[in-house]
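First comes one chain, alone, set out as structure tokens in the form predicted on its own.
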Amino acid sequence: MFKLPISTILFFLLALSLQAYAKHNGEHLYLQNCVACHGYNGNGGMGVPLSLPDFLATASDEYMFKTIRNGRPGRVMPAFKQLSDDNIESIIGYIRSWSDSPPPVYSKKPINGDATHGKQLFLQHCASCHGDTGTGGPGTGVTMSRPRSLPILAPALNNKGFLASASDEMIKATLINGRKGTPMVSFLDNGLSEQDVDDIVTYVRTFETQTVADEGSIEDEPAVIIKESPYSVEETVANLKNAVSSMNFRLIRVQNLDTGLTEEGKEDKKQVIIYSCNFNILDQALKLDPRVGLFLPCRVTVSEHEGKVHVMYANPKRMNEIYNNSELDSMCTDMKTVYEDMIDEALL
């Protein structure tokens, strides 16, 4: 009877152990970073479904890696800059465990078609879902807080994150095969030729010269805005309550900052938080992004330290950098103005 050498057996056991560890680590990282948007089994939700067989059959590992690393600027998919390359590869490996199909490999060779004809076809066959200029379905991918007419929102093709991640061959493969379970159908089944598909891919690639330039970082915006009050804590709180009412906000409650964290009756009376809300603004914001709970309802903290009274609030413009949601830009700017006006009125 033929016997394998001990060293060979140990090698195979080690390989199996490493494979099991990689899958476990990938699952852990997926649950930690991806599950909230893409679902426990990759069936989607706030984010697109990842476990669709047609997605896994056409999305290359390189595409997934670049998507995780760079995200989708202006959409809900953030850039995971904090993850190591090994971490991202482990996540991809876990996603791949949902399919027995090997990952596709594409060349970086560009497809040369007729962009002018491709634009005509795009407007005819793609624009109804992806938008006339490829900016994606309405919204930024956040869909759980509002009705939608499609199973998923069509992704943005005119997006530097997508264009940097997807090769021409991958886009072509998606157009040819479609994705069952989504509105994306096979263009060949719809009567287009392979040359038509090449023309559309060529047109989509022209978006690289059309994408809107970044407005720049908002790192100059402080995360927390702090202003000194000329009044006592009690007077400042009273002024803020009046300012809330004058701006048509509803006062929700006033409490000590450490309420619930210390014994009742022993709260620090020099640390107070005022909650208020304009429910019309809150409703509009929640329809754009359910994560606005980080700064809505409005929370203003009054604190005395070393004889000085300060009024503090989280800066909505800086919070929007976390959301990666371009639809919230103007609202976050407006909310910062609301906070400023409210505080200035209270401190006059």
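One rule holds for the numbers: they count along the sequence shown, beginning at 1. Everything numeric here is computed off the predicted structure, so don't read it as measured data.
Just so you know, the form predicted together with heme C exists too; it's not on screen, but the next bit is about it.
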Practice prompt. Among 269-277, 250-258, 229-237, 87-95, mark the stretch whose residues have heavy atoms within 4.5 Å of heme C in the predicted complex.
Written response: 87-95
Worksheet item: Pick from 303, 315, 70, 33: which has a non-hydrogen atom within 4.5 Å of heme C in the predicted complex?
Response: 33
Fill in: Contact label in the predicted complex: residue 155 to heme C, heavy atom within 4.5 Å
yes
Discussion item. So in the predicted complex, is heme C close enough to residue 78 to count as touching (4.5 Å, heavy atoms)?
Written reply: yes
Practice prompt. Indicate whether heme C has at least one heavy atom within 4.5 Å of a heavy atom of residue 49 in the predicted complex.
Written response: yes
Fill in: 4.5 angstroms heavy atom contact with heme C in the predicted complex for residue 202
no
Worksheet entry | Neighbours of heme C in the predicted complex among 255-278 [non-hydrogen atom within 4.5 angstroms] | none
